[in-house]
Every structure is written in C-alpha cells, then in structure tokens.
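Take a look at this one chain, the form predicted alone, written out in structure tokens.
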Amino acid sequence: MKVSSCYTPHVNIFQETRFGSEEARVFLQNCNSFNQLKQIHSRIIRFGLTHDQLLIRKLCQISSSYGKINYATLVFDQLNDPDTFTWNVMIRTYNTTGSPKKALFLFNEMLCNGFLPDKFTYPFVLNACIASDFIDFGRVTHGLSIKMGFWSDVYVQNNMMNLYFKCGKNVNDGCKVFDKMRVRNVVSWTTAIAGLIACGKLDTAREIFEKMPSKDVVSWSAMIDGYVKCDQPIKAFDLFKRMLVDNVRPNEFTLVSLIKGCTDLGSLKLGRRMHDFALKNGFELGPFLGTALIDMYSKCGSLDDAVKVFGLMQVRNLATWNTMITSFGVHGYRNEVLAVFEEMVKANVVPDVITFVGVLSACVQMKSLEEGQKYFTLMTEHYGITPILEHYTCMVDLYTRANELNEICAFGDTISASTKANHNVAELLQESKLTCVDEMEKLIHKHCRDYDLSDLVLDHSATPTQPNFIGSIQIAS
C-alpha cells in the first residue's frame, strides 16, 4: 500500500519492511521535488541509514540543486564522521551555489578536525579562493599541497597555475608553477596560454603556444580569441588558416571569436564568409553564435541580415534580445525597438539594465515623454532595476525636449526608495536650477561616475524612414 498520494508516479515509496541503502539510492535517483527529498530523507533516518555517506552526499547534492543549501548544511552537520570525499562534496556545493567564503571556512574546519585533503579537495578550495579573490589563502593552500605530497600532481598544479593568473594577475607566480611542472598535459599548456593572454602577455602566450607538443581545439581557440581581444584580428585569421591546415576542427567558441574579429575589422564580406563556413560545417544558430552574427551584421551595416539571423534562431537568450534591440536602436528604428521588447516580454525573458538603455533611447528618438515615463516606471517598479547613467540621461533628455524642466523634480518620485537614497538625482537637478540638457548630463556624470555604466549609448539623432521589420521577424514560440 502506498504511503501518500503526494508522490508522483516517478517516485512511489511503499510501506515495505525492507528499506536499505540500495532502495534509498533508487528513490534519490528518481526524486523530482524537494518535498519528496525530505520524505526520502525521513525514511533514511527511520531505517538507520544516516551512516551511509554515499546517501548523505546525494542528499546534499540534490538539496543544493533545489537551492536549499541550508538543508544540505544541516544534513552534513549531522554526520558524525564524514570522510574526505564527503567534505569535498560539501566544499564544492558551497562553491557552485555562490558561497565561496563558506567553502573556505569549511576547508579550514576540515583541517582543524584532523581530516586530510586529497587531490580533489585542492581544486575546489582554489576555485573558492579565485571567486573570493583571496590570493593569500590560495598561497597557504599551495604550500599545504606541497607539504602533503601533491607538488607533482598535474591536476593540482593546473589549478594552482589558474589561481595565480586569475587572482590578482600574478603572472610571475603562474609562470613559475608552469616552469616547474615535470609533467604537463594539454590542460596545463592551455591554462598557461589563457592566463598569460588574460594578463596582457600575448607575445609570451604565443611563444608557449608554439612550443606545445600537441595542440587541441581549445588551445587554438584560446590563442585566436586572445588576438581578437587584443585588437589583432588579422593575426587571429592567420592562425585560423593554420588551424585548418593542421586538420583541427573549430568549435563554436572559435567561430564566435572570429566573427567578433570581422566586427572589429568592419568587414561585411569576411563576416558573410564566416557565416557561410558555419552553415556548411553544420553549426547551428544557437544563442552564442547567432548573437555574434546579429552584432556583426548590424555593426557592419547590414541590418537586414541581422534581422534574418534573429528570425531563424529557435533559441534566444537575454544577450540575443538585447543585441537585436540595440541593433534596431543604433540604426534609428525606434518603433522596432519597442516591438521587439514587447515580444521579449511575451517570451518570458526578463530584461536587464542594457535592455532598458535601448528602450529608453528609442523613446528619446520618438520624443515621447509618455512612453519614456512608462518604461522607466516598468524598469524600476516592476523589474526592480536600479537606474544607471544612461537611463537618467535619457529621461532628462525627454523632459528637456518636452520643455518640462520643472517636472524633473517629480522624476525622483518614480524611483524606488532604495534607488533614490543611492542617487538623489532629482534633488540635485532641482537644487542646481540647470536650464539645458548638457549641463544636466554633466551633473549626472559627476554624481554617478562610481557606477558601472554600459557602453551601449545609442544615437538619439538618427531619424530615417522606418520600414516594417517586425513583419519579417519570425518570433519563435
């Protein structure tokens, strides 16, 4: 007889007298809700299976996957004598759920309780150091790994090297780890190349790349992407030609980097060739590749091609929608900006700061204060987004164009209490008694300069005749 009707057909726990570790593992594998997990856990306790660390690890992993990290912590804390593997699982769980400092505290507790870390512990701890930017803790961990005999372990050494390159950009320390490695694998070489590129040492990265005994697509792609990011797209394409000669098949990451290189060169012809290459070699227009193509076509002057790519994409992420909105905006098609935004909302994609830069800029192009107020209110009150400089600039522009300078003081009323406390822009404008938009923008710049600002400031002056692009966009359901 079944215990309760709350169980779905996927998980049926019977009132059998036998409920051992094997049965518990089967139920955990088929668990599909947190409520089910708790009921399975209760039976694990009832049948005295809490000593089974494999079950405990599974409970911690599943509960954290449901966002119940506190429950995972409770399960772990009730374990009397966790083994190293269980400690590792919990440290990793804190990392993957955005609590790297807790991962470090747990590692410290692990050592204080006399448990010895293994080769898998150190990478989890080092990743937590990177996420927390705790380079000193990382150095101590490095020293401990050497004392514990892991100085020659390739897996540990690769993660040590990654720590130094990423945390504080300690180039010399990263290179020392690489130089002292007696055995290196492809990951070792690629980590060194990517780390040096990130630290701006492109020439050194190229030297190491040329010394690699065996190059895979990841190492080729890392070097190509490095040239693109360092504004040397020609060298990126030269390297791509060599890659093809060596019969290494590029991946999506390779193509996206090269398409960005086409964008930097402003070469529509080269961009189309890369698009054709992708299609002929079986690459799908996923969010990553498709978004890069939309951006390339838009910036290289072919909005029609950008719209076609957007229409062909079956899956779009937030970056895709933002890129299409921005593309319409920079080409002056303000009505299409708002239309795409409305389709985005219907598709249940939550907009962000960049989205509303494009939307409010379109309102400025339309000289519609009413629309601007509507979308600003939607942004702040419905989505809870804190305005940045571009948003304020757009709103001040709209008020100025509408000759409603006195209404700017009421602008603060549309901002949430927390936002108002952070900026007080409306009060500043009112007190300064400024009479032109340029002076207002200077004042806003002065008081908002500490905030991270988007570089997507659209051209407010473009007002060309607007064809109906929306009819040609096939919105995927």
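Between two forms, the rigid core is defined as the largest C-alpha subset superposing within 1.5 Å. Numbers for residues come from their place in the sequence shown, where the first is 1. What you see is a predicted model; the values in this text were computed from it and never measured.
Beyond the structure shown, there is the form predicted in complex with the DNA, which is absent from this document and is the topic of what follows.
- Only one of the listed residues (Glu371, Asp225, Asp305, Glu343) places a non-hydrogen atom within 4.5 angstroms of the DNA in the predicted bound form, and that residue is Asp225.
- Of the residues given (Ile135, Val218, Val349, Cys175), Val218 alone sits with a heavy atom within 4.5 Å of the DNA in the predicted bound form.
- Residues of just one listed stretch (234-242, 202-210, 180-188, 106-114) have heavy atoms within 4.5 Å of the DNA in the predicted bound form: 180-188.
- Each of Asn127, Asn159 and Ser361 places at least one heavy atom within 4.5 Å of the DNA in the predicted bound form.
- Although the partner is absent from this view, Glu252 contacts the DNA in the predicted bound form, with a non-hydrogen atom inside 4.5 angstroms.
- Taking the partner from the other structure, the DNA in the predicted bound form has a heavy atom within 4.5 Å of a heavy atom of Asn317.
- The closest non-hydrogen atom of Leu270 lies beyond 4.5 Å of the DNA in the predicted bound form.
- At least one heavy atom of Glu390 is located within 4.5 Å of the DNA in the predicted bound form.
- Contacts with the DNA in the predicted bound form, taken as any heavy atom within 4.5 Å, map within 83-121 to Phe85, Asn88, Arg92, Asp118, Lys119, Phe120.
- When the rigid core is held fixed, the Cα atom of Leu279 travels less than 2 angstroms between this form and the one not shown.
- Here Glu370 does not count as shifted, since its C-alpha moves by less than 2 Å between this form and the one not shown after the core is aligned.
- Fitting the two forms on the rigid core leaves the C-alpha of Ala339 displaced by under 2 angstroms between this form and the one not shown.
- The Cα-Cα distance between Pro287 and Thr93 is shortened by 3 Å or more in the predicted bound form relative to the form shown here.
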